[in-house]
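In structure tokens, one chain follows: the form predicted on its own.
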């Protein structure tokens, strides 16, 4: 008598759930691409001081609104107030005569400066020809530098704001779905009250109350964005609560907190991950929207929304379109990558899938 073949299982012998999730995730091409883009953006943001030629607030007024690929010609002058950050002097040409540098600025004016006033000990130190890869803005600031530092702001605000929303939404949704009754009624009343206001208007209201600034922005976005998370968690807990293994935890005398955290919440993580990655992307867009209308991260801090605002007028008249298009394009790539990764992670975490 031939033994019937056993049904394939997704979990291989000795394989942890984390290893299974990673194995499934690697087979999803979209999720892999999204993860690679996110990792690249995080690395760029973390290494911003090493890969950018300027401080994001550095202004070279002689180089305002320059096109992408423009190469400058500058001298670095000592700055007594900030010894490690020299003053940048734009020049058209220069020549050294003895202990003095004779140079002509971009306006054609001639000047003389002693070599001892320059930054460093040789021409390699005090003379540079920086390449402005993406051009400059209306204040002569390097667009590439501000784009990378703006990536720092957007990713950090998105992460912190969505973490705040997750904490609030998971706590309220799990309490409503597990205890039901008057607890559920109270939580859903609060959810309906918050959901009655458009999210962006609620974010603006909190921004006005808390004030303008960096931390005010992610708090305003976080406390305004938990409603969908609470609803998803509540719905998942309604279904999971009736499962036999949850009844077994009650029979074994496990407490409510242990049952929620160790047995119910892990089995609801698939939809939570999807909604949180979508919320991360939404938080990035919300931060850019607040900065665009002047209620988010304040100048001179680099922000994608502020960059779009600064370049919008030029786009409207059909010149220097890169000032608006570059930050919009990077933000779109970030949001798209987050959605790709979130969808793939949902499939990888779903216990009902049979993908090997």
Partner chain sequence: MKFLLYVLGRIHYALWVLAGVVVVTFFIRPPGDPARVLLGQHADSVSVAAMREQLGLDRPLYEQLFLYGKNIVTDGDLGRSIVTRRPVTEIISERLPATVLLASASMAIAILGGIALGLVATIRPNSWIDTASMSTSLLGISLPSFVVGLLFILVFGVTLEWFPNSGYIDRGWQYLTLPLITLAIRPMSIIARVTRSSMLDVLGQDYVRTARAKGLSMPTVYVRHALRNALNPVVTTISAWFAGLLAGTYFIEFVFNWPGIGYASFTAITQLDYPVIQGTVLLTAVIFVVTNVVADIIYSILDPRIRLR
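From a predicted model like this one, the values you see are computed outputs, not experimental measurements. Residue numbers count along the first chain shown, from 1.
FYI, the form predicted together with the partner chain isn't displayed, but the following is about it.
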key: Proximity to the partner chain in the predicted bound form (heavy atom, within 4.5 Å), stretch among 128-136, 146-154, 185-193, 160-168   = 185-193
inquiry  = Is residue 19 near the partner chain? Define near as a heavy atom within 4.5 Å, in the predicted bound form.
reply    = no
ask   = Is there a non-hydrogen atom of residue 293 within 4.5 angstroms of a non-hydrogen atom of the partner chain in the predicted bound form?
value = yes
ask   = Are any of the heavy atoms in residue 335 no more than 4.5 Å from a heavy atom of the partner chain in the predicted bound form?
value = yes
task = Although the partner chain is absent from this view, report whether residue 172 comes within 4.5 Å of it in the predicted bound form, heavy atoms only.
result = no
inquiry  = Between 269, 223, 90, 205, only one gets a heavy atom within 4.5 angstroms of the partner chain in the predicted bound form; which residue is that?
reply    = 205
message = Between 114, 83, 108, 198, only one gets a heavy atom within 4.5 angstroms of the partner chain in the predicted bound form; which residue is that?
response = 198
Joint contact, 210, 289 and 308 to the partner chain in the predicted bound form, by non-hydrogen atom at 4.5 Å = yes
task = Sequence order please: the residues of 248-262 with a heavy atom within 4.5 Å of the partner chain in the predicted bound form.
result = none
